[in-house]
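Presented below, as structure tokens, is a lone chain in the form predicted alone.
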């Protein structure tokens, strides 16, 4: 009978979805924070820092995420650095997302008129205060749609971490398929779950963005 296995598998699917949500929550917070630092450093830091950030962005953006994940999980132990699969997944996802969002945040910073910074400095604000209170909020509002899309894409790419045995949604789907031999049904259900997660995540980000950044966020 079609989908007769589903009631008994709901717990596994729910646990996999919960792990996926945890991964993207940590990645979003850490990746966005790193991207803000990276974008600021690339524009206002010393020359060596600018070059280092540039190299990091180019390396990550021009290599497969799977290779980055394997380097962290399988490669770093040769240097004496061993990470739990979940921690390795979080680190790989964070570094990957930050490399892409550095460019996005940077575009937002460039979109803020320079005259506002000059006026704020003339009023006696410190450069850090100008960046945090004046420049950054406007930049985030400009790039928020692109940032939202990048977060959703990263959530979908989290399926790759099943390759290092992180028990997220795709991993649980693989295990269910191996037990039930119902490939079409299993991956159909998981596809629907991913679709629901993506739509819910996008709606949550848009709603949260409007509350934090104000009207005009979409």
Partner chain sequence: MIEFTFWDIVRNLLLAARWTVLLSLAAFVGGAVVGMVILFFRIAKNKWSRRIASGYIALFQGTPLLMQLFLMFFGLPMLGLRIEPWTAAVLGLTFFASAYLAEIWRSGVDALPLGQWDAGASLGLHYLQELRLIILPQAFSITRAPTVGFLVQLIKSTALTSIIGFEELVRTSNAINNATFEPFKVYGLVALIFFVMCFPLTQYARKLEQRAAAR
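Residue numbers count along the first chain shown, from 1. Source: prediction; values computed, not measured.
What follows is about the form predicted in complex with its partner chain, which we do not show.
Proximity of 62, 66 and 195 to its partner chain in the predicted bound form is complete: all three residues have a non-hydrogen atom within 4.5 angstroms. Remark: residue 183 counts among the residues lining its partner chain in the predicted bound form, judged by a heavy atom distance of 4.5 Å or less.
Taking the partner from elsewhere, residue 188 is found to have a heavy atom lying within 4.5 Å of its partner chain in the predicted bound form.
Using a 4.5 angstroms limit between non-hydrogen atoms, residue 111 is distant from its partner chain in the predicted bound form. The shortest heavy atom separation between residue 76 and its partner chain in the predicted bound form is within 4.5 Å. Taking its partner chain as positioned in the predicted bound form, the residues of 145 to 178 that bring a heavy atom within 4.5 Å of it are, in sequence order, 156, 159, 160, 162, 163, 170, 174.
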